[in-house]
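Just the one chain here, laid out as structure tokens, in the form predicted alone.
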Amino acid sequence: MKLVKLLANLGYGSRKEVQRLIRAGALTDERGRVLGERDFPPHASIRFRGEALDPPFPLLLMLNKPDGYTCGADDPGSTIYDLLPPRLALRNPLLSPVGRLDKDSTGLLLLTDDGQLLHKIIHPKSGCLKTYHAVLDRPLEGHEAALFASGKLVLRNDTKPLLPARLEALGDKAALVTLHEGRYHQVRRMFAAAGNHVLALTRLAVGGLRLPEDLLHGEWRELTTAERERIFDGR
């Protein structure tokens, strides 16, 4: 891949914009030598205005999604892409959320430009569980765990029953819910079917990967190799 195409795919600008940046001396190697369009040193040694380039494809990030942000790049209002450097929203392939969280939900959100990995994580057959903490409007009545685990619960406007899900009560008005799938507003709709209402919802884990305690609301970072492997642990 040529240097111009690489930088454009990483979201640093259009090809014409990248060409102008290269001609202006914005790209150097790690020793400070100015790079031209025909140069192509190893990715790790390329510097853009003195800073290392963003990682190449495939990229996998984790974000602690705050309340009030949607997951669609073209959604009105605040989106998760507002929390990232602008160029990350311009990458090609696109950096996409791995299972969306609705505007009012918070917690662990993975983003990747690897379509195969995305589908592997979200597909029910992968066995990659998703765990949520739900705060409820009314006390649990005691029947919810059996209902969620039955494999017979059909949500409103759906025709196919949900896969069995696990509920662990955390007092009267809070619970952990673990899902094998990720339908639209699934946890909220499950509690609605049980006669309750979710006041707050946080995704705590995807597979064996838990939301790090030191990753604050709105913060993001690339996953380590060990964290990548942990996603498919605990299935």
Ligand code: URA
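All residue numbers are counted from 1 along the displayed sequence. Here the structure is a predicted model, which means the values were calculated and not measured.
Keep in mind that the form predicted in complex with ligand URA is not shown, yet the notes after this line are about it.
Contact with ligand URA in the predicted complex, defined as a heavy atom within 4.5 Å, holds for exactly one of 33, 185, 173, 166, namely 185. Interface residue among 59, 209, 62, 201 relative to ligand URA in the predicted complex, by the heavy atom within 4.5 Å criterion: 201. Figure note: of the listed segments 120-128, 151-159, 73-81, 95-103, the one touching ligand URA in the predicted complex, with heavy atoms no more than 4.5 Å away, is 95-103. Contacts with ligand URA in the predicted complex, taken as any heavy atom within 4.5 Å, map to no residue of 55-90.
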